[in-house]
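What follows is a single chain, given as structure tokens, in the form predicted on its own.
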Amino acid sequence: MSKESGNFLSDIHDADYEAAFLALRLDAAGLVKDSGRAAESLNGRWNFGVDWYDTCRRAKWFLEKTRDEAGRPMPVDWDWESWERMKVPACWNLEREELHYFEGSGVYTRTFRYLGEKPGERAFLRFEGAAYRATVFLNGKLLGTHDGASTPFCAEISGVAEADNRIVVVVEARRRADRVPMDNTDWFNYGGLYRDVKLLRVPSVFIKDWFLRLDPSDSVLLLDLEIDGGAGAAPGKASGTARLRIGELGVDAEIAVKDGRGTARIPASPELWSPENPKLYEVELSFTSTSPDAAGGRATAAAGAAAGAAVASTCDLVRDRIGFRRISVRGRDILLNGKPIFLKGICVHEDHFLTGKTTDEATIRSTIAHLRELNGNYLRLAHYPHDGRFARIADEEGVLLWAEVPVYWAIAFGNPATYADAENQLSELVLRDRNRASVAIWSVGNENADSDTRLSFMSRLAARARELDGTRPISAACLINHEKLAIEDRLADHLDIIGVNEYYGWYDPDFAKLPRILENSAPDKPVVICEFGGDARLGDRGSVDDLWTEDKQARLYEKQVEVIAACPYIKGTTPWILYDFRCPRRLNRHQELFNRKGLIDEDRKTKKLAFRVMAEFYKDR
């Protein structure tokens, strides 16, 4: 049936209704760095409706059409203000019992006031995390659609916002084979607006992104910055002068900006950040534009310049606390500030028994406190980007981080759209966190079979990470060649650190294979054992041969660390995992819908016997 037929109803018959919403993407290209900016929180209780059939988008509820062309009232299937209230941020799975396994579409809506405070002001909505696909509307206008559950995105509302505004966000959480991650994972699929929602106000011309780091080989700070040209200038065409100030270092440098870009090399000898000395500096970056109309129409001849001439105008100022350090690889060593370091770590999921993937500062600091008790210096944030506050707090606390995108298991490696999704999530992660000293390693994936399509996919991701940030090692959690009993993965040629997951003594009960594998392998790069371990239910005791007991888990850890300690090229470990976490695929009586490999129970308080084993191992490293 063609759409021209008289009885065509788009919300019923248009199977391709979603295409219009996907045509306008919210992605890394539109991300506005929020470091050092005042933000107005839009958290709180939003009206929420479970949209089983995705009717909001199909029938265009966001237009709020309640009358026909003749002005006659029409019946509608939505009623925003009568809907239940849903907390934002929150995972809907834990807010309503009936939504525990819900993976469809949910509609969030609220109103907010917006009165521009300054001439030429621009405004952006910033979402820190929406699982998985979020389509955003303001006052009936489509702002765009974002894919990816765990990375931030922005939508500009300048020109759309009014004094009183209605925002509608459709969040869809289905698992699909072509997504990143795909439909088969080993963790719980939480849905909803589960991280902060903010309103950012910026000048007409503003600092969109900036990257400040220490040169890997010289006492020089490297700065790259991007200026959004704003109204009255073509996008990215702003010119002017940026100014970087770091008072404690005596830095006060001007940087020329042309066509929206500026770079600089600034001599400095900062005190180096490390886990033992997490030194942070107060950094201030400003931009003064010489572009015509830089202040959104305020630069005029009457302001003191000849008609058509450029007028200088201080447009923007941002501040941040930044640490400076060098991390690199030399041969089989990982170097922090030029000295070999052993990464004493543990994996952690962003999963809380009460709040799911929604976290807060207290939870993050509690996680770091448990790492301290483990005598560790390093966390693997598995298997997706964690809340952006984690890296900021880790900067303060002196904790190194492995940051990862969810290219997990059997991704659709041959699908160009899947690659585009993965690359965008990686880009949003790197752009968000590359100023954070704590982030030591970018990981492009976990446990993927070594196929040609996977090699192409992940090697391109590694190249993208280096394009955005050439100062950190790139890794991935690779698999072992179980036939040759050796560490062997073609992706290793594209990595700086080889990550290895192995579960000898658990999924493969023949523990004797592990020392043989390490003896058979001769990598020319450092190896980090990203995962090992076994399940134990807290309080279940027995012999060291009884599966699911704390005793079996502790003995397995004793055997693992003995072998690991004897291997000269292993330069770090992150056993699986710090806390027990939800996983619907775990259905036996010991697990009861949780992965029980945690060194600490799901209560995030009670330690199992293996915790002590790992703490003793790290104390002596």
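As the structure is a computational prediction, the values presented were derived from the model and not from experiment. Position 1 is the first residue in the sequence shown; the rest follow in order.
One more form of this protein, predicted in complex with a small molecule, exists but is not displayed; see below.
*Asks:* Given a 4.5 Å cut-off on heavy atoms, tell me which of 71-79, 391-399, 442-450, 509-517 is the interface stretch with the small molecule in the predicted complex.
*Replies:* Result for this chain: 442-450.
*Asks:* With the small molecule left out of view, which of Asn501, Ser459, Thr355, Thr290 would have a heavy atom within 4.5 Å of it in the predicted complex?
*Replies:* Comparing distances to the small molecule in the predicted complex, the residue within 4.5 Å is Asn501.
*Asks:* Taking 4.5 Å between heavy atoms as the contact cutoff, choose which of Tyr408, Tyr190, Phe127, Trp210 touches the small molecule in the predicted complex.
*Replies:* Residue within 4.5 Å of the partner: Tyr408.
*Asks:* Is it the case in the predicted complex that Arg332, Phe342 and Thr573 each bring at least one heavy atom within 4.5 Å of the small molecule?
*Replies:* Heavy-atom distance to the small molecule in the predicted complex: none of the three under 4.5 Å.
*Asks:* Are any of the heavy atoms in Arg37 no more than 4.5 Å from a heavy atom of the small molecule in the predicted complex?
*Replies:* No, Arg37 sits far enough from the small molecule in the predicted complex that none of its heavy atoms falls within 4.5 Å.
*Asks:* Does Lys597 make contact with the small molecule in the predicted complex, using a 4.5 Å heavy atom cut-off?
*Replies:* Yes, contact at 4.5 Å.
*Asks:* Is it the case that Glu226, even though its partner is missing from this view, gets within 4.5 Å of the small molecule in the predicted complex, heavy atoms only?
*Replies:* No.
*Asks:* Taking the small molecule as it sits in the predicted complex, is Lys559 near enough to touch it, meaning that at least one heavy atom pair lies within 4.5 angstroms?
*Replies:* Answer no; every heavy atom of Lys559 is more than 4.5 Å from the small molecule in the predicted complex.
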